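A single chain comes next, written as structure tokens; it is the form predicted alone.
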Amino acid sequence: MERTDGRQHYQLRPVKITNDFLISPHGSVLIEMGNTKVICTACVENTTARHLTGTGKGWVTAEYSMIPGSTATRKKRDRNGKTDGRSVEIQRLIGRSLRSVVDMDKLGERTIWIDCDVIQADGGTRTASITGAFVAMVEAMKKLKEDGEIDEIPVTGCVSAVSVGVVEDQPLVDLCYEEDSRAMVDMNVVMTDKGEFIEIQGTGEDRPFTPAELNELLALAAEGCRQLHEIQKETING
């Protein structure tokens, strides 16, 4: 099949991560994957999660939201502290993904708050959020190290995420909204730069998928995440 933007089935959309996007947070980036744009910030609080108080361990947690004008139909704001179910599920995914590569003992009794705000949505907002949030988190850790609050950056590796799916029986990577809305199979894959899987969310939307299709989707995701890890490292070291 011919993709809407002319990409090959194995090609990511153009990816750009702008570091130090905001001046106030300890770490902040704007990540752009095609027409999807997410502001990811990391703020440090000098207390850990309640269940970790006194253990010497830190915590990383995340919140996710879409601004009203991020989609074609206005997205209502969360009111009275109520977050819609989709946002809750996504922010839990972001938090799990980041915590999987953080040494909480080396972080110490502090919390890194990650906020991912989607300012323009065209598919893959949760995966872009994870990829951008990792960079923002490491930037916050770099500031902690510069200030002498930690001895080393307490991460065990990079983490990125990408969507894959089957559209018109063709496995594709990094689906835009138009492709995602027609996907027979929809999947989000979170991986480390060591080739390890953190999370695989896969659903047969229109039909079941075969083991062969699953293997091809995971291979596409692995290559996509590898490219994203390279971009993350260039941004962090730039």
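Since we're looking at a predicted model, the values are computed, not measured. All residue numbers are counted from 1 along the displayed sequence.
This next part talks about the form predicted together with a further copy of the same chain, which is not shown.
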**Report entry** Options 129 to 137, 143 to 151, 69 to 77, 160 to 168; stretch whose heavy atom lies within 4.5 Å of a further copy of the same chain in the predicted bound form
**Finding:** 69 to 77
Query raised in the report: Would a further copy of the same chain in the predicted bound form be within 4.5 angstroms of a non-hydrogen atom of every residue among 85, 88 and 211?
Result: yes
Query raised in the report: Looking at the partner-bound form in the predicted bound form, is residue 109 within 4.5 Å of a further copy of the same chain by any heavy atom?
Result: no
Report task. Mark residue 204 yes when one of its heavy atoms lies within 4.5 Å of a heavy atom of a further copy of the same chain in the predicted bound form, and no otherwise. Result -> yes
Report task. Indicate whether a further copy of the same chain has at least one heavy atom within 4.5 Å of a heavy atom of residue 22 in the predicted bound form. Result -> yes
Requested in this report: May I ask you to state whether residue 178 is within 4.5 Å of a further copy of the same chain in the predicted bound form, using heavy atom distances?
Outcome: no
Query - Contacts with a further copy of the same chain in the predicted bound form - residues in 119 to 133 whose heavy atoms fall within 4.5 Å - result: 119, 120
